[in-house]
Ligand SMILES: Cc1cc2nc3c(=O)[nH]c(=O)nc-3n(C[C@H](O)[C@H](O)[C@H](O)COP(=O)(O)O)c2cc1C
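A single chain comes next, written as structure tokens; it is the form predicted on its own.
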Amino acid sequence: MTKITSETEFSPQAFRRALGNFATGVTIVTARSPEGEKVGVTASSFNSLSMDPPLVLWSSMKDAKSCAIFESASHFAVNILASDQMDMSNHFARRQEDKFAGIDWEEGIGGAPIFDNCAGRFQCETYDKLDGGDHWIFVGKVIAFDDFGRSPLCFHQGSYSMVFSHPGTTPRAGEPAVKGLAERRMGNHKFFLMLQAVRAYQDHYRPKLETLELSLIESRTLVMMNELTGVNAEGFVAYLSAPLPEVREALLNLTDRGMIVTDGDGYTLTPLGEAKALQCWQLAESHAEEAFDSFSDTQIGNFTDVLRGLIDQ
């Protein structure tokens, strides 16, 4: 347990890693300025606040370029992403001249863009702005909402994830017990099998990674930087499949610990970072050997071919 007292030094890195244990949903918050400029950002800070009146909130770093538009906008919209909208999350997490180019959207209340196929949408009238340290907390009064009932996209410990019913849950009163049918379908569905396999693989890998005092996204960042030089935060979003705020936190943590340094607009490994990246790669290799030890070379080769084929589709 890490206790914070006046006598102990507060560690932002450890604090961020601890916060990563809280699984969140993923949203795209949008708005339009009085001058007509549209803005959209990927955010996991969305939360409900009040039922009467119906209020929700989210937060933005004060130095974010988009923050000024949210401050001046009369309305904003929160688009809760569905589990198959990971590409949308990554797209709006990257810095681009026009994030809405090539994206299907429609104009919501107050001009805030809204998207189809989400899990849900909330259209809000700007209600208040609160000072939250290095963030502004934007409070909105919900004046319209849509509930599409789709499975949401989630984020936990540096990786996207999905929602599944806990095996300990029981059917509600009057609800038919269809557990056996669901198990038969999901137990033989290739997509759900892949998700379960990745989760099981990472559950055994994370405890080993803790010996290096790194989170999953931090280790992936170091390994990726060993192959790439001078990539900026936005560039890492596509390689790491993680929202921009999480990528920035990982880069900040690694910079604070002396493992990477800024290189123009990008980042480069320090000698300490190179050594740690090598440790990460060796750990990943040894874990893979252990996990695949019971499979034949032919099985592993076929499995690798299938994965590459799916990636190239």
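Don't overthink the numbering: it's just position in the shown sequence, from 1. Here, rigid core means the biggest group of C-alpha atoms that superpose within 1.5 Å across both forms. In this text, all values refer to a predicted model and were calculated from it rather than measured experimentally.
What follows is about the form predicted together with the ligand, which we do not show.
Comparing 258-266, 60-68, 47-55, 277-285 against the ligand in the predicted bound form, the single stretch with non-hydrogen atoms within 4.5 angstroms of it is 60-68. Although the partner is absent here, residue 127 is not a contact residue: none of its heavy atoms lies within 4.5 angstroms of the ligand in the predicted bound form. Looking at residue 93, you'd find a heavy atom of it within 4.5 angstroms of the ligand in the predicted bound form. Within 4.5 Å of some heavy atom of the ligand in the predicted bound form lies at least one heavy atom of residue 99. Mapping the unseen interface onto this chain, residue 105 falls outside it, with no heavy atom inside 4.5 Å of the ligand in the predicted bound form. Using a 4.5 angstroms heavy atom cutoff to the ligand in the predicted bound form, none of 199, 217 and 303 count as contacting. 135 is the sole member of 150, 75, 135, 141 with a non-hydrogen atom within 4.5 Å of the ligand in the predicted bound form.
Checking 115, 236, 122, 155 against the ligand in the predicted bound form, a heavy atom within 4.5 Å turns up for just one residue: 155. If you take 234-269 and check each residue for a heavy atom within 4.5 Å of the ligand in the predicted bound form, you get just 243.
Fitting the two forms on the rigid core leaves the C-alpha of residue 38 displaced by under 2 angstroms between this form and the one not shown. In the core-superposed comparison between this form and the one not shown, residue 29 has its Cα shifted by less than 2 Å. Core-superposed comparison between this form and the one not shown: the Cα of residue 247 travels 2 Å or more.
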